[in-house]
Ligand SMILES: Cc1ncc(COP(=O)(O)O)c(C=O)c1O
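Given as structure tokens, the chain that follows is alone and in the form predicted alone.
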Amino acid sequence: MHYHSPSTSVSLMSLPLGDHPPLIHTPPPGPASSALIELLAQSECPALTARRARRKEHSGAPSDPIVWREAVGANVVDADGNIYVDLSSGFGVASLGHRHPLIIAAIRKQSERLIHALGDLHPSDVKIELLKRLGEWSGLTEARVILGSDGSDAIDAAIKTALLATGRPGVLAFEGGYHGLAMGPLSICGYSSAFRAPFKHHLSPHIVFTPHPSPTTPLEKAISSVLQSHEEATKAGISIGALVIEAMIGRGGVREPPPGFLRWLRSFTKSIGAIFIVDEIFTGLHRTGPRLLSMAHGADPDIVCLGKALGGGLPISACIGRGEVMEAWRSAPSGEALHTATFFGNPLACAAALASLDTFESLDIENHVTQLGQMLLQRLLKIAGDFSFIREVRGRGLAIGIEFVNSSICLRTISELLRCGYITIPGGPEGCVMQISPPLLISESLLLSFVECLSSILQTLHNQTTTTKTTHAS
């Protein structure tokens, strides 16, 4: 995956950015990044500044971020000229790599023709083409599509669709699930109650949370938990009109449900007349190998939500539903467009999304991701066995999580990796999981060098922990 950047500074011009190993000139965050973060602290929401301070206090590791100046392929260049390997792929957005040349070409071509249209009133031709393409691509019967700008928009549209289709406001959601923080999706965000607490008076009272099972949870136990939660909802007078689940929990700690669970949820929602909504915002578009993990598990959802990788870097999402379910919008009583926004279906984002779909379909991406992911998972499992502070390594395809015994060790590991030139992010409600979700086209050599670096960091942490325990004992 070699991309060459025409805007790279002179000192980096000769380097093949895109598939370059880490190159750290200045320990991060360097002076340029630090100065920009100081400037940022004067204008950004103080909650974000406070979050970094709390992480530093809790982990004892530096929490100031680097400031990105450029990104291409699997590489990120910060304000100080350091080159990193991005193992987060920008929260999963850059699944095809940052600034994929085909996506850039599509954006450039579209920008010379039409940047903005009149949304749903007088739509662009490229939006119409994308809607048709997504409907066919989804495999859902007579699919209809609602576009949005991010994952929260797609979830919001899905919840509204379920309410219109069933007339029932109740939603059964899962603990640990993360569906965005806009007010509608926040109601069903089971990632952490701390997100919901400050806004509880504005959130729907018709939400019921049920435990999300792990891959090793017996299917019977997982089913029993859902049935019990549904029974409790019924007793409380909550009529369930929708069930929402991530095909694989992403930010909540990279956790899959047990085999057969999604298929059972499909039959369960049918039996109670509820709409089955699968959040594929993180997993969709081959992150786990198949283009839709839920379809691979035989879930056959009523509505699928896409986002992140769909726009190849531009903000766009999609709520794709079966025709019979989406028909509920036709009979909306007001006759108005009940769910729309100025930038939904933006022509530039639609062009990028079409280029993304073209690129995914032109590659043997499923086999590539499956094989590369198995290699990475096996390597990580092998080194994890040597360290007692690692609870578990899990995942599928190129969505892998390493769970530590506490968030302090996890954040320290992430900080040390950054100093070595690897960008990873924390996950899980307690911040104990290091999430690894690199660009899908990343080279095997970059992943192997990451594993080697991680092994060295973990060994150093192990030695430090052992020394500390010995000192305290004496």
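We number the residues from 1 along the sequence you see. These numbers were taken from a predicted model, which means no experiment stands behind them.
The same protein also exists as the form predicted together with the named molecule; that form is not shown, yet it is the one meant from here on.
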| query | finding |
| --- | --- |
| F261: touches the named molecule in the model of the complex, heavy atom cutoff 4.5 angstroms | no |
| The named molecule contact at F404 in the model of the complex, heavy atom, 4.5 Å | no |
| 4.5 angstroms heavy atom contact with the named molecule in the model of the complex for F276 | no |
| Contact of G170 with the named molecule in the model of the complex (heavy atom, 4.5 Å) | no |
| One stretch from 395-403, 278-286, 195-203, 107-115 that, in the model of the complex, holds residues within 4.5 Å of the named molecule by heavy atom | 278-286 |
| Residue among Y178, W137, Y84, F344 with a heavy atom within 4.5 Å of the named molecule in the model of the complex | Y178 |
| Proximity to the named molecule in the model of the complex, single hit among G151, G312, G73, P301 (heavy atom within 4.5 Å) | G151 |
| Within 4.5 Å of the named molecule in the model of the complex: residues from 296-327 (heavy atom criterion) | K308 |
